[in-house]
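The form predicted alone is given below as one chain in C-alpha coordinates.
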Amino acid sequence: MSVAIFGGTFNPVHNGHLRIAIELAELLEVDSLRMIPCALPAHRDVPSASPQQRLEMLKLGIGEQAQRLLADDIELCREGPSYTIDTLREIRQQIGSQTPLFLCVGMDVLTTLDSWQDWQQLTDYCHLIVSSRPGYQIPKSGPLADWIRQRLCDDLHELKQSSTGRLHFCNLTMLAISSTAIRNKVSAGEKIDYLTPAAVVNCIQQQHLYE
(Lines give C-alpha, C1' and ligand atoms only; values in the text may rest on other atoms or scores of the structure.)
Protein backbone atom coordinates (compact mmCIF):
# COMPACT_ATOMS: atom_id res chain seq x y z
CA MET A 1 0.00 0.00 0.00
CA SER A 2 1.03 3.59 -0.57
CA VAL A 3 -0.74 6.94 -0.26
CA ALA A 4 -0.38 10.27 -2.09
CA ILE A 5 -1.82 13.62 -1.08
CA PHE A 6 -2.52 16.64 -3.26
CA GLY A 7 -3.69 19.76 -1.47
CA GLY A 8 -5.12 23.09 -2.54
CA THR A 9 -7.92 25.52 -1.92
CA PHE A 10 -9.89 23.99 -4.83
CA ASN A 11 -11.92 27.18 -5.13
CA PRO A 12 -13.29 25.66 -7.33
CA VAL A 13 -11.71 22.38 -8.40
CA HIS A 14 -11.19 22.32 -12.17
CA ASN A 15 -10.12 19.98 -14.95
CA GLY A 16 -6.48 20.98 -14.54
CA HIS A 17 -6.48 19.77 -10.93
CA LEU A 18 -8.23 16.53 -11.86
CA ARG A 19 -5.92 15.78 -14.81
CA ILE A 20 -2.85 16.22 -12.59
CA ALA A 21 -4.38 14.07 -9.84
CA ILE A 22 -5.12 11.21 -12.23
CA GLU A 23 -1.61 11.33 -13.73
CA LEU A 24 -0.04 11.37 -10.26
CA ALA A 25 -2.10 8.37 -9.16
CA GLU A 26 -0.94 6.47 -12.26
CA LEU A 27 2.69 7.57 -11.99
CA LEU A 28 3.00 6.70 -8.30
CA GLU A 29 0.82 3.57 -8.53
CA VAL A 30 -0.86 4.49 -5.27
CA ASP A 31 -3.88 2.81 -3.72
CA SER A 32 -5.43 6.23 -3.27
CA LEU A 33 -4.64 9.84 -4.03
CA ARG A 34 -6.21 12.10 -1.44
CA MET A 35 -7.23 15.54 -2.66
CA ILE A 36 -7.25 17.72 0.46
CA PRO A 37 -9.07 21.07 0.51
CA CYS A 38 -7.31 23.60 2.71
CA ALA A 39 -9.56 25.00 5.43
CA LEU A 40 -7.65 28.19 6.26
CA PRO A 41 -4.64 28.80 3.96
CA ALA A 42 -1.55 30.04 5.75
CA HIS A 43 -0.23 31.95 2.69
CA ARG A 44 -3.40 33.01 0.83
CA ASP A 45 -6.55 35.00 1.38
CA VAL A 46 -9.53 33.18 2.86
CA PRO A 47 -11.37 31.47 -0.06
CA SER A 48 -14.68 33.03 -1.10
CA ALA A 49 -16.48 29.68 -1.05
CA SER A 50 -16.85 28.00 2.33
CA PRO A 51 -14.86 24.86 3.21
CA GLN A 52 -18.05 22.80 2.95
CA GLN A 53 -18.86 24.22 -0.50
CA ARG A 54 -15.35 23.55 -1.77
CA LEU A 55 -15.46 19.99 -0.43
CA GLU A 56 -18.83 19.43 -2.09
CA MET A 57 -17.52 20.71 -5.43
CA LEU A 58 -14.44 18.51 -5.09
CA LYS A 59 -16.56 15.40 -4.52
CA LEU A 60 -18.72 16.29 -7.50
CA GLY A 61 -15.65 16.92 -9.64
CA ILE A 62 -14.07 13.59 -8.75
CA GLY A 63 -17.28 11.80 -9.67
CA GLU A 64 -16.55 8.51 -11.46
CA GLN A 65 -12.87 8.67 -10.48
CA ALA A 66 -13.82 8.04 -6.84
CA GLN A 67 -12.16 4.62 -6.84
CA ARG A 68 -8.75 6.22 -7.39
CA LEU A 69 -9.21 9.81 -6.15
CA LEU A 70 -10.52 10.67 -2.70
CA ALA A 71 -11.83 13.98 -1.35
CA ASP A 72 -10.32 14.10 2.14
CA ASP A 73 -11.65 16.55 4.76
CA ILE A 74 -8.75 16.06 7.19
CA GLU A 75 -7.81 19.77 7.21
CA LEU A 76 -11.44 20.91 7.38
CA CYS A 77 -11.78 19.06 10.68
CA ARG A 78 -8.97 21.05 12.33
CA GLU A 79 -9.16 24.54 13.74
CA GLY A 80 -6.68 27.28 12.89
CA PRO A 81 -4.38 27.62 9.86
CA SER A 82 -3.98 24.51 7.69
CA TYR A 83 -0.29 23.64 8.04
CA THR A 84 0.83 20.76 5.81
CA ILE A 85 3.22 19.45 8.44
CA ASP A 86 0.27 18.84 10.80
CA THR A 87 -1.58 16.98 8.04
CA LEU A 88 1.44 14.80 7.32
CA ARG A 89 1.85 13.94 10.99
CA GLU A 90 -1.81 13.01 11.26
CA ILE A 91 -1.80 10.85 8.12
CA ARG A 92 1.43 9.17 9.18
CA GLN A 93 -0.26 8.18 12.44
CA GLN A 94 -3.12 6.70 10.42
CA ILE A 95 -1.03 4.63 7.99
CA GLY A 96 1.97 3.68 10.14
CA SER A 97 5.67 4.25 9.61
CA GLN A 98 6.32 1.73 6.80
CA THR A 99 3.76 2.85 4.20
CA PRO A 100 5.19 5.16 1.51
CA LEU A 101 3.53 8.59 1.63
CA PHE A 102 3.88 11.08 -1.23
CA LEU A 103 3.22 14.82 -0.90
CA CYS A 104 2.53 16.19 -4.41
CA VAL A 105 3.24 19.86 -5.12
CA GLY A 106 4.12 22.08 -8.08
CA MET A 107 7.45 23.76 -8.75
CA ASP A 108 5.83 27.08 -7.85
CA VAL A 109 5.20 25.73 -4.36
CA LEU A 110 8.69 24.27 -4.03
CA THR A 111 10.34 27.64 -4.65
CA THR A 112 8.60 29.06 -1.56
CA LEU A 113 8.73 25.92 0.58
CA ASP A 114 11.09 27.56 3.07
CA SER A 115 8.23 29.85 4.13
CA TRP A 116 6.17 26.85 5.33
CA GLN A 117 5.74 25.81 8.93
CA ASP A 118 8.53 23.37 9.93
CA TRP A 119 9.42 22.93 6.24
CA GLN A 120 12.70 21.15 6.92
CA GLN A 121 10.78 18.36 8.67
CA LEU A 122 8.43 17.60 5.76
CA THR A 123 10.46 14.68 4.43
CA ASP A 124 10.58 13.13 7.91
CA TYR A 125 7.01 12.07 7.16
CA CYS A 126 6.83 11.70 3.36
CA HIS A 127 8.48 11.81 -0.03
CA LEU A 128 8.03 15.04 -1.99
CA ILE A 129 6.85 14.71 -5.61
CA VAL A 130 7.30 17.96 -7.55
CA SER A 131 5.67 18.64 -10.93
CA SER A 132 7.15 21.14 -13.36
CA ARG A 133 5.58 24.58 -13.85
CA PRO A 134 6.34 27.01 -16.70
CA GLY A 135 8.48 29.91 -15.54
CA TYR A 136 9.73 28.27 -12.36
CA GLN A 137 13.19 26.81 -11.71
CA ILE A 138 14.81 24.84 -8.93
CA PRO A 139 16.46 27.14 -6.36
CA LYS A 140 20.21 27.29 -7.08
CA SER A 141 21.59 28.52 -3.77
CA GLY A 142 20.70 28.93 -0.12
CA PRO A 143 19.27 26.62 2.58
CA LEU A 144 16.33 25.47 0.42
CA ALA A 145 18.61 24.57 -2.51
CA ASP A 146 20.87 22.57 -0.16
CA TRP A 147 17.84 20.82 1.35
CA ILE A 148 16.60 19.81 -2.12
CA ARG A 149 20.01 18.50 -3.26
CA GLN A 150 20.36 16.31 -0.18
CA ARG A 151 17.03 14.60 -0.91
CA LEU A 152 16.93 14.47 -4.70
CA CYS A 153 16.16 11.08 -6.25
CA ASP A 154 15.82 10.69 -10.04
CA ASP A 155 14.86 7.01 -9.87
CA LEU A 156 11.20 6.68 -8.89
CA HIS A 157 11.53 2.91 -8.39
CA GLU A 158 14.36 3.47 -5.92
CA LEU A 159 12.37 6.15 -4.12
CA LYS A 160 9.44 3.75 -3.63
CA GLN A 161 11.65 1.34 -1.69
CA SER A 162 11.46 3.62 1.35
CA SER A 163 8.55 5.36 3.06
CA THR A 164 9.99 8.88 3.49
CA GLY A 165 12.92 11.17 2.91
CA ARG A 166 13.34 11.77 -0.82
CA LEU A 167 12.35 14.34 -3.46
CA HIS A 168 11.50 13.55 -7.08
CA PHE A 169 10.73 15.80 -10.07
CA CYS A 170 8.20 14.79 -12.72
CA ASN A 171 6.50 16.24 -15.80
CA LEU A 172 2.70 16.24 -15.92
CA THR A 173 0.04 17.61 -18.25
CA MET A 174 -0.52 21.26 -17.37
CA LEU A 175 -3.87 22.51 -18.63
CA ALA A 176 -4.17 26.30 -18.98
CA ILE A 177 -6.98 26.56 -16.43
CA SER A 178 -7.03 28.33 -13.07
CA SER A 179 -9.56 28.69 -10.28
CA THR A 180 -9.03 32.45 -10.38
CA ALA A 181 -9.97 32.59 -14.07
CA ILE A 182 -13.09 30.52 -13.42
CA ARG A 183 -14.20 32.82 -10.59
CA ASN A 184 -13.60 35.87 -12.79
CA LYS A 185 -15.63 34.37 -15.62
CA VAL A 186 -18.54 33.59 -13.31
CA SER A 187 -18.39 37.11 -11.90
CA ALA A 188 -18.47 38.51 -15.45
CA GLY A 189 -21.41 36.32 -16.44
CA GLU A 190 -19.32 34.18 -18.82
CA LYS A 191 -19.62 30.43 -19.40
CA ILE A 192 -17.29 28.04 -17.60
CA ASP A 193 -18.33 24.84 -19.38
CA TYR A 194 -15.44 22.42 -20.03
CA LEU A 195 -13.16 24.21 -17.56
CA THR A 196 -14.54 22.17 -14.68
CA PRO A 197 -16.84 19.12 -14.68
CA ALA A 198 -20.52 19.73 -15.48
CA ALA A 199 -21.56 18.73 -11.95
CA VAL A 200 -19.32 21.47 -10.54
CA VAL A 201 -20.70 24.02 -13.03
CA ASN A 202 -24.24 23.13 -11.89
CA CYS A 203 -23.28 23.44 -8.22
CA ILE A 204 -21.76 26.89 -8.78
CA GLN A 205 -24.89 28.03 -10.61
CA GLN A 206 -27.33 26.58 -8.10
CA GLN A 207 -25.55 28.09 -5.10
CA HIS A 208 -24.77 31.37 -6.90
CA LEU A 209 -21.07 31.10 -6.06
CA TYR A 210 -18.56 33.69 -7.29
CA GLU A 211 -21.23 36.02 -8.64
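Not measured: the values here are computed from a predicted model. Start at 1 with the first residue shown and count on from there.
One more form of this protein exists, namely the form predicted in complex with ligand ATP; it is left out here, but the text below deals with it.
**is_contact(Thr180, ligand ATP) in the predicted bound form, heavy atom dist at most 4.5 Å** = Residue-level check for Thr180: yes, a contact with ligand ATP.
**Message:** Taking ligand ATP as it sits in the predicted bound form, is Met174 near enough to touch it, meaning that at least one heavy atom pair lies within 4.5 angstroms?
**Reply:** Looking in the predicted bound form, residue contacts with ligand ATP include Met174, since a heavy atom lies within 4.5 Å.
**Message:** So, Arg92 and ligand ATP: in the predicted bound form, are they within 4.5 Å at any heavy atom pair?
**Reply:** Result no; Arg92 lies far from ligand ATP in the predicted bound form.
**Prompt:** Could you tell me if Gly106 has a non-hydrogen atom within 4.5 Å of ligand ATP in the predicted bound form?
**Reply:** Contact check for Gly106: yes, within 4.5 Å of ligand ATP in the predicted bound form.
**Message:** Is it true that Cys153, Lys160 and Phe169, all three, sit within 4.5 Å of ligand ATP in the predicted bound form, judged by heavy atoms?
**Reply:** Heavy-atom distance to ligand ATP in the predicted bound form: none of the three under 4.5 Å.
**Message:** Can you list, in sequence order, the residues from 1-19 that come within 4.5 Å of ligand ATP in the predicted bound form, counting heavy atoms only?
**Reply:** Heavy-atom contacts to ligand ATP in the predicted bound form: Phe6, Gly7, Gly8, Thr9, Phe10, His14, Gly16, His17.
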